[in-house]
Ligand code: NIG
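In structure tokens, one chain follows: the form predicted alone.
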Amino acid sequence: MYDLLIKNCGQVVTMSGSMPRCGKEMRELAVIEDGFVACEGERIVAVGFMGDFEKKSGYFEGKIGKKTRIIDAGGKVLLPGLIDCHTHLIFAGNRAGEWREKLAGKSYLEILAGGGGILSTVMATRAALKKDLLRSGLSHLREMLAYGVTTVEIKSGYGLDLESEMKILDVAGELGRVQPVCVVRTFLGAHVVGPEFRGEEGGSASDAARYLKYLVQKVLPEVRGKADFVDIFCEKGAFDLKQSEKYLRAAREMGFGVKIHAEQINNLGGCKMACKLGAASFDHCDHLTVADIKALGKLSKGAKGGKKANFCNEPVAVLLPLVPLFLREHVFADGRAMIDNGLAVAVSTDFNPGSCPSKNIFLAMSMACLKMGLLPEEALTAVTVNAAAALRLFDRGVIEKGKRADLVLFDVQNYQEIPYWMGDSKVAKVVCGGKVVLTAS
């Protein structure tokens, strides 16, 4: 017996097909015009055309009972639940004061070198109580839910010591239990060098090496069971390429999936290194050259046919267009070249207090189109099926029988309108795990 039936959808954008979508596949949305979706419990059990539904009315009547919730979509567009696959959602305070410094001309790395940036948020987050972090996290997730986000990745990284990092991961776990948005946890203790390990120079190569050794020996063993992935910021002022590779190899040997922040401000070769290591994703990518992208395309093709380990080997390039927008950078990742060279591309907000204080995934989609060269179809793929793959979640991001029933109904007539209405939410209803959890007023 159906628990939920959504009928008379003008379009059901199923995203059915390969996972993740690579290259030109990102434009193939597998749209059902005038369709329906039925759910039992947390799973989708039927997807099809209203014409077939009406022809087999006797069969479907037997699936509809008194407890079945029926939603007449009235021609609206149904998509898989959106997935924000790169956020730093748990933190205390804000950095509005530093924003003025950036507007006045200071660079991100200059502010970091002066003890600001990430380190200022670290001090505030260390001092914060769990209950306060939980309260602010719930507020952020309510806003994300209103944008149609049904799964979110939350990175740690504003603690930079064992106690504080564990506090952040514990809060992230609690957030996943007490509200409907699914939470994936990533350990980013290697965000920058922890304050206790920074010398007078503000964080030398030897300081970074000592800090990473501390993370591997003391912290990562405690993180087991509390995070699915381990991430690192491979960048000048944080960790160099050699340090990043050594650290990610150690994390992988401990059973973690691995990710990387790379080529955000400088090109150190982190994306290529992480791809060779079998990373789930390489994120930012703003300073990749066309030659780099072509090389990554070849590596990606090799991963498809490679030997599978704990996760699918296909890497996903996660683009974060709101970061260079907020930082007033002139370089944006070349998403067009990435897709044309066969890469799987996802788009996320990178919500955080320093370089992207925005949770607006629709604005991220629009900017990916305007600044990174994506088409509307590619942008939608990038926040559903490919974002799911970036988190190695293969039970969502598509509307298909047997998949998790995370769905978003949009008050538009055509899916192309969703990234077109720049930053504007057209969400009418949100379904998480087969239950309607939000209806727009």
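Counting begins at 1, following the sequence as shown. Remember, predicted model here, so these are calculated numbers, not experimental data.
Below, we refer to the form predicted in complex with ligand NIG, which is not included among the displayed structures.
In the predicted bound form, Lys259 stays away from ligand NIG, with no heavy atom inside 4.5 Å.
Under a 4.5 angstroms non-hydrogen atom cutoff, ligand NIG in the predicted bound form has Phe233 among its neighbouring residues.
For the chain shown alone, Ser244 is not a contact residue for ligand NIG in the predicted bound form, no non-hydrogen atom being within 4.5 angstroms.
By the criterion of a heavy atom within 4.5 Å, Asp350 is counted among the residues contacting ligand NIG in the predicted bound form. Heavy atoms within 4.5 Å of ligand NIG in the predicted bound form map, among the stretches 84-92, 364-372, 250-258, 288-296, onto 84-92 alone. Out of the listed residues Thr186, Thr150, Ser355, Thr125, Ser355 is the one that sits within 4.5 Å of ligand NIG in the predicted bound form by at least one heavy atom. A heavy atom within 4.5 Å of ligand NIG in the predicted bound form is found for exactly one of Leu169, Ile118, Ala279, Leu133: Ile118. The partner is not shown here, and in the predicted bound form the stretch 21-38 never reaches within 4.5 angstroms of ligand NIG through any heavy atom.
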